[in-house]
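There is one chain below, alone, in structure tokens, taken in the form predicted alone.
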Amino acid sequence: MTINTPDERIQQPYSRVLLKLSGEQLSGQFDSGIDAEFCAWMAEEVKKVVDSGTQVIIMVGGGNYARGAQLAGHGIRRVTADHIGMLATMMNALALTDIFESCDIRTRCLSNIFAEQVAEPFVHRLANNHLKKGRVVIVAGGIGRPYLTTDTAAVSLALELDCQAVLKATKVDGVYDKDPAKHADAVKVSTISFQDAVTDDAIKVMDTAALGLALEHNLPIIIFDATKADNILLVTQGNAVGTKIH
């Protein structure tokens, strides 16, 4: 893999981005469920981005409640397990929507699974209208079909809504040439190619389906630490934060 040195140059800011948040992140200090205090902090970070003029779509995972791939087996079919995972993302999206609204951020929860009693159905025009009115759009249900992760759903949704980048929020500050938890000499890279991200076994940032879809449509993915104050804003303003896959 080619190692690129950090590049601190500022690029053009993004006008519309998709922020991918995992269920693990939303659980914060807890082993499972929602950490409302952390989510409120995250809401304030997103508010900085919205106030700067960038439109934000959020795709949430559900791993803090259930992971479809892990549930499958012992009598539970994979399709059913993935449906359970989609419902887990719904719980996260509903909670996050309320927390964002309590922080005075206009937010709408849209769902890719049928759940009209608790959320609006995801419709392309409806999502676009919400975004143009300055609202944050939180999407539940992944892509609405089994065998596809929320990472793949995030890339698909970003393409559908004409996002300029996918921001993959993590608890580390980017991608390393090897596991920094195991190797003291691990080197962080500022940019890598989609090909390297897919073929290098030491890099596990997103599933190959998500990376392949982004590669096909030349949609950049930025891996960064979302738990550091102002990082989401800095990324959307074009600063060299984290690692850019392109």
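Being a predicted model, the structure only gives us computed values, none of them experimental. Residue positions are given as counts along the sequence shown, with the first one as 1.
Here the subject shifts to the form predicted in complex with a small molecule, a form of this protein not shown in this document.
Chemist: Only one of 119-127, 95-103, 158-166, 82-90 gets a heavy atom within 4.5 Å of the small molecule in the predicted bound form; which is it?
Modeler: One stretch meets the cut-off, namely 82-90.
Chemist: Looking at the small molecule in the predicted bound form, do all three of 23, 66 and 143 come within 4.5 Å of it through at least one heavy atom?
Modeler: Result yes, every residue of the spot touches the small molecule.
Chemist: Just one of 148, 172, 115, 131 has a heavy atom within 4.5 angstroms of the small molecule in the predicted bound form, so which one?
Modeler: So the residue touching the small molecule in the predicted bound form, by this definition, is 148.
Chemist: Would residue 109 show up as a contact with the small molecule in the predicted bound form if we use heavy atoms at 4.5 Å?
Modeler: Residue 109: no, not in contact with the small molecule in the predicted bound form.
Chemist: Please determine whether residue 153 contacts the small molecule in the predicted bound form, using a 4.5 Å cut-off between heavy atoms.
Modeler: Residue 153 belongs to the contact set for the small molecule.
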